[in-house]
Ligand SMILES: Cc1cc2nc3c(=O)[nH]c(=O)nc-3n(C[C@H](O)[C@H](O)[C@H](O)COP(=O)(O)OP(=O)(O)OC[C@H]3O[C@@H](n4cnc5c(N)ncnc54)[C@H](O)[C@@H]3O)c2cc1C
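Shown here is one chain on its own, the form predicted on its own, set out as structure tokens.
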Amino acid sequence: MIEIRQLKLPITHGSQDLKEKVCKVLKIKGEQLLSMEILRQSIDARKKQEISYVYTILAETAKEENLYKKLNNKNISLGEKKEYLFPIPGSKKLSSSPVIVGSGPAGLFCGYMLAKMGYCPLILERGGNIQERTRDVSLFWKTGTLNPESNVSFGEGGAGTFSDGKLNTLVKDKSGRNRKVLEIFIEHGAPKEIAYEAKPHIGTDRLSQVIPAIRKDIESMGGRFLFHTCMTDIRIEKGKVTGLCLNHDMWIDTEILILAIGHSARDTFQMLFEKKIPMESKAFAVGLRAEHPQEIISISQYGKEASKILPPAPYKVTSNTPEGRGVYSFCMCPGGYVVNASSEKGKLAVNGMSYYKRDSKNANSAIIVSVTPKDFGGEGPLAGIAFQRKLEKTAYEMGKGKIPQQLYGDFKKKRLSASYGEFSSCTKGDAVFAPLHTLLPGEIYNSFIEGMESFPEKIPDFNREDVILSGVESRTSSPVRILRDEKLKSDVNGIYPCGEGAGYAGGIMSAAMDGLKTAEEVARNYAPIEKDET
């Protein structure tokens, strides 16, 4: 195979144009191109008058080595597709199925690989399946009636289900796990383009179809799911996990417990802390959602004419304050909605969500400020959770259960907003104007403004007076890390902390990849289970 990099075409090109460009670069005729695969597609918008798509292509031709030598092009090399390899199973026999707590990306993909390789995993999910969960979330957004066990954070698919469904990650992937996750998504109904887009996304509407398809496949391979089932206690004997309690009233035996619990399972963190599972407090970030008209974001990124052709533009902005705090955009949702993502009664948190078409009128992004254990006050590994809860309680009270909002100009001047400016908010869940300037602690408030005032250097008018702020964005990542060694094990034998909630991922892709990685470690030590043993 021949890999071609930096292959540029105009944004109006078609598939035939791409094929012809590949042949031209390789200096071959069309019939000599046996096959081609897009490895990566991105948009180069550095020069607004010359915006182009940029490709990396894997092409198959006859006599490739001879052709490669003749070309003498620095952007061309001999390449091959990296295949994901699951390890050879170990020999130690399991007396019961591995138990995975949580059906978010980490738990789901860990369960998928274990089921595929014959380990018959049992996956516990405290919330409902997608159909039930969608009903509960819709009711909450419509009426404000929260189900603490089935909401934007809890239920089949995890918190990422009601999001933009972004699949990009900064994790370096030499093992092929990234590609394997994308392939599994595609096999179960995700758009094929996610395999090569530089910033792939699925969207909430597509995810709600893809995730149940993965679950049904797991079940067909011997895995089992128990919904509305919360792990409420664990049994440890001689430094090893031997069982766990479900919903406070039923015990089951297990020697493998994979903790893919997600970043909002606060009662579970408390139980694990009381059981002396080693954990520590970790840094994360808090802030507010900021809405802009999508049209002005797309024009700023692509120019007026190209913005009419290209998909809604994303953005990324970062800044560092003189005090050393990072201020940056997070979970940016082109053409998206700000959603009420609360999971505890009397507390309110927001998130961003987009459908596959990204066709709402607004762009939104969390603008967040880094915080460390020094900011939390209190002591111990759960101090960050207490900090989150304090912010969420204040947000709930100032909005009386509705999403509290304030225009940025009023936020700076510390006065209550009376009406929207040139555009209105796009939310899921009711919103009300409130004094958000009193929500964030002083140093974080000042850092937020410093960041907003610096961002127009990258995106003109980013700090316009009528930017709509919503709060509070407090669930950016887990405030806790459940400690594990290089083989992904806790000090308590048999426990495998996994994914974002355990402190080892930051988004759908990195969590799913960590799920695969955890499945690999279990497999290296244990033999598959005979199905009649379960």
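Numbers follow the displayed sequence, beginning with 1. What you see is a predicted model; the values in this text were computed from it and never measured.
One more form of this protein exists, namely the form predicted in complex with this ligand; it is left out here, but the text below deals with it.
Exercise. Evaluate Pro98 for contact with this ligand in the model of the complex, applying a 4.5 angstroms cut-off between non-hydrogen atoms, and reply yes or no.
Key: No, Pro98 stays farther than 4.5 Å from this ligand in the model of the complex.
Quiz item: Gly155 near this ligand in the model of the complex, any heavy atom under 4.5 Å?
Solution: Although this ligand is absent here, Gly155 would touch it in the model of the complex, with heavy atoms inside 4.5 Å.
Quiz item: Is Gly494 a contact residue for this ligand in the model of the complex, using a 4.5 Å heavy atom cut-off?
Solution: No, Gly494 stays farther than 4.5 Å from this ligand in the model of the complex.
Quiz item: Should Lys166 be classed as touching this ligand in the model of the complex when contacts are defined as heavy atoms within 4.5 Å?
Solution: So Lys166 counts as contacting this ligand.
Self-check item: Residue (of Val137, Ile256, Cys230, Ala434) lying close to this ligand in the model of the complex, criterion heavy atoms within 4.5 Å
Solution: Checking each option against this ligand in the model of the complex, the one that comes within 4.5 Å is Cys230.
Quiz item: Here the chain is shown alone; which of Leu146, Ile194, Cys331, Leu391 has a heavy atom within 4.5 Å of this ligand in the model of the complex?
Solution: Checked against the cut-off, the match is Cys331.
Quiz item: Based on heavy atom distances of at most 4.5 Å to this ligand in the model of the complex, which listed stretch, 436-444, 382-390, 403-411, 345-353, is the contact stretch?
Solution: Flagged stretch: 345-353.
Quiz item: Going by heavy atoms, what in 84-119 lies within 4.5 angstroms of this ligand in the model of the complex?
Solution: Sequence-ordered list: Val101, Gly102, Ser103, Gly104, Pro105, Ala106, Gly107.
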